[in-house]
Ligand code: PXL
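Next comes just one chain, in structure tokens: the form predicted alone.
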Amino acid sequence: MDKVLVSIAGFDPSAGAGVLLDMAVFRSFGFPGAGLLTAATAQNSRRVEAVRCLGGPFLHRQYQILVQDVAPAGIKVGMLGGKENIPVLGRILDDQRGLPIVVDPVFRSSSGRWLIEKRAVPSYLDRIKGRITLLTPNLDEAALISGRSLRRPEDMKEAARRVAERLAAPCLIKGGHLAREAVDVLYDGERCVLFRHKKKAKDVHGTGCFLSSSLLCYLVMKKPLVEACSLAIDLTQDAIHKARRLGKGRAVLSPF
């Protein structure tokens, strides 16, 4: 039986992020994908106009029906869409302990819109603590969780340690938007590993979704964490290089 990977994330009608992009990444690795929708958005390649959280009861019902038929081999969590979904996410993660679980904590859109209530972030972190394999925050998200400003790789190292301790799980901070260089920092609970790459001039939508869903695929393929991070970062950089602008705004990624 095929290993089915599950994305718990929002619906982006432009297909540049969220469940639709995750499904495409899973399929590019040869894995069937299933999606649990947390929220629907009205957005295009330029901005997020509106977000509608689908609510905890509906998210839980989606999950219950899915697992009656399918046994997940791994889970990627993206945009939660609202505080109503936090308790249900906790129950799902409790139910699937032992699986590779990668969380991309999408707190805000690239255009600055909050995608989960800021005051709900501590509750969100408590619900995922000790239940996940890896957290992949960007600089702003890592700064919010760690309580420190991130301007240099040294700042990122300390923040990754703080976040990992806060969540009892490894943390990979994405540093593609550092001012002078592009470097991602992994703290695996024992050491920090830096992944340096070229800064990209392109403004690309969905890189966080692409990276985290690729990482899940490599972890399900039994790659060690450091190797999985390295491979997923390289794959994402290649996808950024090949990204195309389909609308009037940011370029979008294609795993194919």
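For clarity, every value in this text was computed on a predicted model and none was experimentally measured. Note that residue numbering begins at 1 and tracks the sequence as displayed.
Same protein, other form: the form predicted in complex with this ligand, not shown, and the subject of what follows.
When contacts are judged by a 4.5 Å heavy atom cut-off, residue 62 does not count as touching this ligand in the predicted complex. The shortest heavy atom separation between residue 17 and this ligand in the predicted complex is within 4.5 Å. By the criterion of a heavy atom within 4.5 Å, residue 86 is excluded from the residues contacting this ligand in the predicted complex. Using a 4.5 angstroms limit between non-hydrogen atoms, residue 123 is distant from this ligand in the predicted complex. Partner contacts here mean any heavy atom within 4.5 Å of this ligand in the predicted complex, and among 213 to 221, 42 to 50, 185 to 193, 63 to 71 they occur only in 42 to 50. Put simply, of 103, 156, 79, 163 only one has a heavy atom within 4.5 Å of this ligand in the predicted complex, and it is 79. None of 145, 75, 115, 134 but one reaches within 4.5 angstroms of this ligand in the predicted complex through a heavy atom, and that residue is 115.
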